[in-house]
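Consider the single chain below, provided in structure tokens and representing the form predicted alone.
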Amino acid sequence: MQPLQPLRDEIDKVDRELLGLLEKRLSLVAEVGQVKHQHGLPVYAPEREAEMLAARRQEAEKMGISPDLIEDLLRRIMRESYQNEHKNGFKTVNPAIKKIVIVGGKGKLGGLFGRYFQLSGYQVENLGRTDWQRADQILYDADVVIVTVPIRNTLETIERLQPHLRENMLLLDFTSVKRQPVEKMLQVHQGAVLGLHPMFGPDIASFAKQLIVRCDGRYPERYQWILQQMQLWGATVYAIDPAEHDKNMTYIQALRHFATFANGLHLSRQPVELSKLLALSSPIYRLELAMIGRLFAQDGELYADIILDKPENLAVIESLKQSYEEALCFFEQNDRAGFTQAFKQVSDWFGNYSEVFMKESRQLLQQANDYKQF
């Protein structure tokens, strides 16, 4: 008999007991979801989550168990719970809404929102590229019109909607740029206008903790209900001026996507094999490779639209090029002191966020290492 077998048998027994407890917890969560649906409560309750995690960490520490271990386990369980809560549907915030039309609703993002509106009790119809001959029929009786088409087609699509819009309609868009779409909607429509930017892709499993940026247009009192509906799904709504949004998106989207594309382009031209890079990589390098590879698993046209959206994007990308050249000079000139000084300047700019990012990235790296296979 192998000496470890009795202990392994005991561990297997405990694991099965854990599975039973997990099944019971998920069953309770399902009941919670039903109550939330009945009473119109949001999926994500940050105060409850924070209090629960703090209490479990204290209890774990008293038992001699790592508080980080317990928090990791509970966060993973909660993520699973959030993903299942939508199965109960959501309370209809505004029962007076007869129909929501999503222009581009056959796309992935439009389809995602369409499903959630339907789960919330609304009638949803799609207006696709081949449906414009029936636009009058599709848009008839609509209370909400949502534009979610590629950036390059957004302004044209909004203009095309003008003959079909009525003053009592809510017109909004999901474009990742905001100033021009909001201005165009205000120009062609006399009713309520709202610009939204979902800061996530269509592959999310739940709206819990997802961010939706809000750029007010006209008559905000007429669209508070749709913001409340999305908050019931678990989303967080952040308000910002359209021009300020676009300024920040230059760095959050255009600059980052360009840098990721350039890194991927550069790697693809080097005399290396990706499989060997992965075999030899540390968790942080594997994660960096994963983020680069993730970009190239998606639609290149989308990223081209984001980067080419406005001249300011290219100006900031040009400044990135200059920063690369300046950084390279430190090493070409063997300027260790210059590099160290520049490093400190950047460190000072990050300030206390450096420690926050160190903690966040440590968790990501541990997860990346857990899934690594040799």
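Residue positions are given as counts along the sequence shown, with the first one as 1. Given the structure is predicted, the values throughout are model-derived calculations rather than measurements.
Omitted here: the form predicted in complex with nicotinamide-adenine-dinucleotide. The next part is about that form.
- The stretch that touches nicotinamide-adenine-dinucleotide in the model of the complex, counting heavy atoms within 4.5 Å, is 175 to 183, out of 263 to 271, 284 to 292, 236 to 244, 175 to 183.
- Of the listed positions (Y140, W132, Y219, Y251), a single one reaches within 4.5 angstroms of nicotinamide-adenine-dinucleotide by any non-hydrogen atom in the model of the complex, namely W132.
- This chain lacks the partner; the member of N88, N153, Q231, S206 within 4.5 angstroms of nicotinamide-adenine-dinucleotide in the model of the complex by a non-hydrogen atom is N153.
- Shown alone here, P202 lies within 4.5 Å of nicotinamide-adenine-dinucleotide in the model of the complex, counting heavy atoms only.
- Put simply, G104 is close to nicotinamide-adenine-dinucleotide in the model of the complex: some heavy atom of it is within 4.5 Å.
- Among residues of the shown chain, K108 is one whose heavy atoms approach nicotinamide-adenine-dinucleotide to within 4.5 Å in the model of the complex.
- Taking non-hydrogen atoms only, G128 approaches nicotinamide-adenine-dinucleotide to within 4.5 angstroms in the model of the complex.
- In the model of the complex, L302 is the single residue of 300 to 315 with at least one heavy atom within 4.5 Å of nicotinamide-adenine-dinucleotide.
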